[in-house]
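One chain comes next, on its own, written out as structure tokens in the form predicted on its own.
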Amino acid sequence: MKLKAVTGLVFAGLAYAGIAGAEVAPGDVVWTDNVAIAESLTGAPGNAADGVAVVSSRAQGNCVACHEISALPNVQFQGNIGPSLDGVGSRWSEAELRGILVDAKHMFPDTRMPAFYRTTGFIRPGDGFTARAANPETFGPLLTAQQLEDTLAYLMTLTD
């Protein structure tokens, strides 16, 4: 009887740990006031060092194509289309920055910034015009939940 109870508690603890660390799918993101996302998309904090790679890599987030970040002086060809990201960790809360990264149009309807963690609601020409339209069944977000959380962790370090 005691073994059964202990086994049940261990199982319940493992199940809770699995839920807490579960990745939130793009369609299941919970917005606050339609501009902020309070909860982590991965259930764990991001890694700021990995976020630098996402921000500066043309194959990943490529934030520097549009934004300037003085803390990354060795990253060439930084953009000036979007606002400088210097001090962004002081200007916005973590929840607001997560919302901007997931889909900036929630906060800034006229922005040209891509939605990095959205898979629906896009307007595409389709196969009739390009013959290369993305398969809606396999179309994924531009960044993974972990990449987004890593980017957020890095942006939160930019307070000056």
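Worth saying up front: this structure is predicted, and the values here are computed from it rather than measured. All residue numbers refer to positions in the sequence shown, first residue = 1.
Below: the form predicted in complex with a small molecule, not depicted.
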query: Heavy atom distance at most 4.5 Å to the small molecule in the predicted complex, all of I100, F116 and T151; finding: yes
query: Exercise: H106 in contact with the small molecule in the predicted complex, heavy atom 4.5 Å; finding: no
query: Any non-hydrogen atom of S84 within 4.5 angstroms of the small molecule in the predicted complex; finding: yes
query: 4.5 Å heavy atom contact, S70 and the small molecule in the predicted complex; finding: no
query: Contact label in the predicted complex: C66 to the small molecule, heavy atom within 4.5 Å; finding: yes
